[in-house]
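Starting off, we have a lone chain in the form predicted alone, written out as structure tokens.
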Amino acid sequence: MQPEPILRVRGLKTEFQSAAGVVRAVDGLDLDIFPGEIVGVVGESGSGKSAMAFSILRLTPGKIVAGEVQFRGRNLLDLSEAEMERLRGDRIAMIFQDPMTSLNPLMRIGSQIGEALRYHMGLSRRQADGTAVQLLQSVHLPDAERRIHDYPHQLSGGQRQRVVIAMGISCAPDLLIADEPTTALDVTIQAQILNLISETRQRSSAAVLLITHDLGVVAQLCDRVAVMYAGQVVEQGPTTDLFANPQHPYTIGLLRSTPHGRRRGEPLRPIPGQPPRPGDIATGCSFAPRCHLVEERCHHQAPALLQLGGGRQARCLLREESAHESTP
């Protein structure tokens, strides 16, 4: 019997006001995350990945206009700001994309880690310092006893990312959201950071939502993957199945355009065209202008997220027959 999801997102819509008008960055998003699994979210820049994460945490500068975000049975959109503050950094934590901007340049590393420990766990300053050292040791930062007295600018990019991970796991969250955690790091450091995230899941059974544009990272680390385009999940399923047999034309295009998704000897094939501009609202399928399988109806009929069986979902009119065949 499958457990209940720790996070259940349904119909989430987030809008921003811009000079071009209203921009819907998240457009009816559905997503489940179960305890102890790592779920990857992939898509091109502007697909809504980070906007989704900030909406879940209610940190978005935009406006959430519809939907539900159920975390352990509670709709986060109904909570007061004080209740959300108690959840953030405690039960739900986030590893931000750029550790240099997410760390306070005027605070020592130990104080920044200890801040959450004192607020959420009621530790004294001395207890928080001791726990901060243990956390830095757990993320393999050398000489942790000395490093807690350093400022962020005294650390390398990889070391700063380790500090951010230590902050994220400090209160043993149930859900850890990692937004492009390996961006701007060299390949060796990337591998070390990914191993840390995997270790965190194994140690604490925390669920991890990993936002990335790197399909190689997804193949290496994730149990399931959700593919986003124009603010929507267009395909979702177990990572191995999705890579072996993608069901949405956008997923097929992403795999063909990267070394990790193509067959040996096949040339890379970029997806033609550009993602829709912010503010553009498609009357049919948002991917239709770039799709190599497009039909006339795709320009006028918006596809629903279809259940294909085996934990697979796809938002494509061409998959309707497959969905009907898999329905008992």
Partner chain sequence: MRRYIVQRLLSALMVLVGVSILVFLVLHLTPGDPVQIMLGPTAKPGDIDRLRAEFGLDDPLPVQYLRWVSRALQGDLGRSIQLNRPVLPELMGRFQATLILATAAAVISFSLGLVLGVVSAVNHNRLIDRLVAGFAMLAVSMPAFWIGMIGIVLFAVNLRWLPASGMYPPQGEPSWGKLFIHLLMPATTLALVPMAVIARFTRSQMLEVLGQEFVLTARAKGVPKSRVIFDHAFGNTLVALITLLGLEAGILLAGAVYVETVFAWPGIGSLMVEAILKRDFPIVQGGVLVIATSYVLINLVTDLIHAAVDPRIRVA
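Numbering follows the first chain given and starts at 1. If you're wondering where the values come from, they're calculated on a predicted model, not measured in any experiment.
The same protein also exists as the form predicted in complex with the partner chain; that form is not shown, yet it is the one meant from here on.
Against the partner chain in the predicted bound form, the set L194, D223 and T240 makes no contact: no member has a heavy atom within 4.5 Å. Only one of the listed residues (H120, R201, H213, R72) places a non-hydrogen atom within 4.5 angstroms of the partner chain in the predicted bound form, and that residue is H120. The listed set L255, L76, L103, L176 contains one residue whose heavy atoms approach the partner chain in the predicted bound form to within 4.5 Å, identified as L103. Contact with the partner chain in the predicted bound form, judged as any non-hydrogen atom within 4.5 angstroms, is confined among 54-62, 269-277, 37-45, 284-292 to 54-62. Using a 4.5 angstroms limit between non-hydrogen atoms, E145 is distant from the partner chain in the predicted bound form. Using a 4.5 Å cutoff between non-hydrogen atoms, Q159 does not count as a contact of the partner chain in the predicted bound form. Interface residue remark: D186 is not counted as part of the site for the partner chain in the predicted bound form, having no heavy atom within 4.5 Å. Mapping the unseen interface onto this chain, L209 falls outside it, with no heavy atom inside 4.5 Å of the partner chain in the predicted bound form. Contacts with the partner chain in the predicted bound form, taken as any heavy atom within 4.5 Å, map within 69-86 to E81, E85.
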